[in-house]
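Next up is one chain by itself, shown in structure tokens, the form predicted on its own.
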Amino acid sequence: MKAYAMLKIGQSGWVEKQKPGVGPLDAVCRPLAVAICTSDVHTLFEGALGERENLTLGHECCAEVVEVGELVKDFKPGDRVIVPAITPDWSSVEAQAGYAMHSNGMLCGWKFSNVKNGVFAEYFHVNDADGNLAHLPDRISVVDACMLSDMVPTGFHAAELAGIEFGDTVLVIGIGPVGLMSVAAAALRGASRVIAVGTRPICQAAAKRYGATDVISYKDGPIDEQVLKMTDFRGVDRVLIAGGDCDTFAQAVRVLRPGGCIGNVNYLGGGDSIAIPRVEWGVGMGHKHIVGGLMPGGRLRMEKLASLLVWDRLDVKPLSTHVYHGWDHLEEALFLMRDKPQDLIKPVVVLED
């Protein structure tokens, strides 16, 4: 089979690989559509995970089941499925402790294009199929289903980590596709005011559509100074970080009220440490919480998030601004995500016949 692989940091291309086999609990699938993630850019062009040789890229897709193991109960060849970007080992002790995304090691629930071959291939392997796959409802297109694999669950997880409550004032830093879903999640969880930070007009417009009451740009000055001024120096109850870098946390701490929480789902692709401002953190005693988490995977979560689309509680169509057809466009879509033109939110490549 053909697969699109990272050959080394900064270099990728099509390679020939053997079709994966299937274990008793597993499945082999073929993609119906795939999406490009900024994490793919970090991995390939920045070496954020270190050197990888001949590793198939990609972790966002929906698919058709081709083969299942003898112990798989709920899926069969021909089923159309949502494939989450995070596919934990559900029998691990970490899963029993409530942190399945870290099964068998920190971040090791993130297998595709990290510790095993990803989904940018004619066929790919899914461990623990009954626990990780979810049936794709007929009402959801393959393009929208790709958003359910990573963008929706990651963006929503920021709101979960921060513990948004009714009436909260929330700051969302970064309004790419994940940040836009953080805005949507904040609104769904009852935030009264949602301040979104981003620069591209297409993302600013989408943020307002998803529930942002205010949109600011870091190009207009430090984020913390802008937010403090517009909140009469009271700050915010929650901060959701879906963009920026290691220096972003200092600004988030400065605007956070005592008792508030920062929920980070941003992939920090560079830097060695994060600086926390001592005084604004209450000299260590300000009850300002910082929580960072990899999105949960699993069938139940995928089914619940899919139901938001089925019952028109969430519309992810604005995210997919560039839709291509055929494997020949995959590299074009990848480079588009790297370069991020002004009219881009998310590229998707449709592969079904």
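Numbering starts at 1 and follows the sequence shown. What you see is a predicted model, and the numbers here were worked out from it, not measured in a lab.
Just so it is clear, the following notes concern the form predicted in complex with a small molecule, a form of the same protein that is not shown.
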Looking at 121-129, 225-233, 74-82, 243-251, which stretch has residues with any non-hydrogen atom within 4.5 Å of the small molecule in the predicted bound form? 243-251
Find out whether any non-hydrogen atom of W90 is located within 4.5 angstroms of the small molecule in the predicted bound form, and reply yes or no. no
Does the 4.5 Å heavy atom contact test between D144 and the small molecule in the predicted bound form come out positive? no
Taking 4.5 angstroms as the cut-off for heavy atoms, does D150 touch the small molecule in the predicted bound form? yes
Please tell me whether any heavy atom belonging to G260 falls inside 4.5 Å of a heavy atom of the small molecule, as the geometry stands in the predicted bound form. no
Do heavy atoms from each of V178, G198 and M295 fall within 4.5 Å of the small molecule in the predicted bound form? yes
Could you work out which of I173, A191, A162, A212 is the residue within 4.5 angstroms of the small molecule in the predicted bound form, going by heavy atoms? I173
Which pick from T154, S113, S103, T169 sits with a heavy atom within 4.5 Å of the small molecule in the predicted bound form? T154
